[in-house]
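Shown here is one chain on its own, the form predicted alone, set out as structure tokens.
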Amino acid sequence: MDRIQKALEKAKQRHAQKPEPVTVEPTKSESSVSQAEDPLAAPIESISYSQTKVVNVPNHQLERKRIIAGFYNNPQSAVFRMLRTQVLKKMRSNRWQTLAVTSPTAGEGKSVVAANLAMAIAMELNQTVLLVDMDLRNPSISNYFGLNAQVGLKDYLSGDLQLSEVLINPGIKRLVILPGVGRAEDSAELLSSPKMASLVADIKSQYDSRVIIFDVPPVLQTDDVSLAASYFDSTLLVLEDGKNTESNITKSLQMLEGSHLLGTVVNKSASPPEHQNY
């Protein structure tokens, strides 16, 4: 934990010497943005999926895979709902719609954090969520939700599929998943393709109330995050307590400079928050 705090403090000092980041201008109409921010806005209860495939995943299967944000009887789930509140507060205040979740290397648990955060945000009645598995070299979101997806983002980008043929609702209201299936060795080419840029533009414009979470590869192991950086309004960095060295934390923060780093999540902590059993 000391290494993490030390590296983060150094990063904060560097950023403190730079001008404040420019606020992203809204891409939606004022009315659509205010709807997402208005706590009195009508809840999105009547949403139904007529074209998107629906797979009702049993709760015990989700819990076995550590996708627990929606289970109030699990004391650890509160952590993800608290993370949701902090993330949404910052995204809404800056009018951000998209968030990338990454980590320095493989194994810190970024995909579990992304999946739980998506579930927690979907629990808000006036919010819809699209979770995109953009880790084309090691997709795992379908496995965590037990979706057994047959086609995914790679197939959409390299083939002639309609987007509706790829999207899946895991039986959770207001949450849709764009899964990944199979390893893509040419992930850099796919992510930098015009079709990927068109896809991001489309999914951002379809629903005003939608938050889009991208589960992206580890930032130090591929150039995929740098190639796709223009798609993300903000970024969340997942660290593993006791694993990440000060040097790779510092290098990760350097790689993410220029992006809107929303914050860091310390995962697999040896000292869990005391409030989780409250």
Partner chain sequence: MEEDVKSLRDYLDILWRRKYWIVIPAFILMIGTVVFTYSLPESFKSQGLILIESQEIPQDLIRTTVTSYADQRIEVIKQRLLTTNRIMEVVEKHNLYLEQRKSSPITAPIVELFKSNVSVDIIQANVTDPASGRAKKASIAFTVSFMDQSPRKAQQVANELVTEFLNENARARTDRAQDTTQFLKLEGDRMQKEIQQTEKEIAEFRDQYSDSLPDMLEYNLNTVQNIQEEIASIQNQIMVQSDQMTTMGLQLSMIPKQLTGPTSNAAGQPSASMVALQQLRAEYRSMQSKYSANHPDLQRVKREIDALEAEIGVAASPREEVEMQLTSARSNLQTLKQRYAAEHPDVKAAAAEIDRLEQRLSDLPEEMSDEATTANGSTNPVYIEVSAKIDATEREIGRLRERQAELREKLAEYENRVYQTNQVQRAYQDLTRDRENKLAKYQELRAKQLEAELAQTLETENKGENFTLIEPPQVSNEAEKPNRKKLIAMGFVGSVGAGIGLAILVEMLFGGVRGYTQISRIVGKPPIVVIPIIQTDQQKRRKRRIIYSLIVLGIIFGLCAIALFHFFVMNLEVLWFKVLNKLSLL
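Positions refer to the first chain, counted from 1. Owing to the predicted nature of the structure, the values given are computational and were not obtained by experimental measurement.
Below, we refer to the form predicted in complex with its partner chain, which is not included among the displayed structures.
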* Asked: Quick check: do Thr52, Val200 and Gln206 each get a heavy atom within 4.5 Å of its partner chain in the model of the complex?
  -> no
* Can you pick the one in Val181, Val113, Val129, Ile168 that has a heavy atom within 4.5 Å of its partner chain in the model of the complex? -> Val113
* Contact test in the model of the complex: Arg210 vs its partner chain, heavy atoms, 4.5 Å -> no
* Decide whether Thr250 counts as a contact residue for its partner chain in the model of the complex under a heavy atom distance cut-off of 4.5 Å. => yes
* Heavy atom to heavy atom, is Val219 within 4.5 Å of its partner chain in the model of the complex? -> no
* For Met255, is any heavy atom within 4.5 Å of its partner chain in the model of the complex, or not? -> no
* Quick one: which of 150-158, 76-84, 192-200, 137-145 gets within 4.5 Å of its partner chain in the model of the complex, going by heavy atoms? -> 76-84
* Sequence-ordered list of residues in 244-263 near its partner chain in the model of the complex, where near means a heavy atom within 4.5 Å -> Asn244, Thr245, Glu246, Ile249, Thr250, Leu253, Leu261, Leu262, Gly263
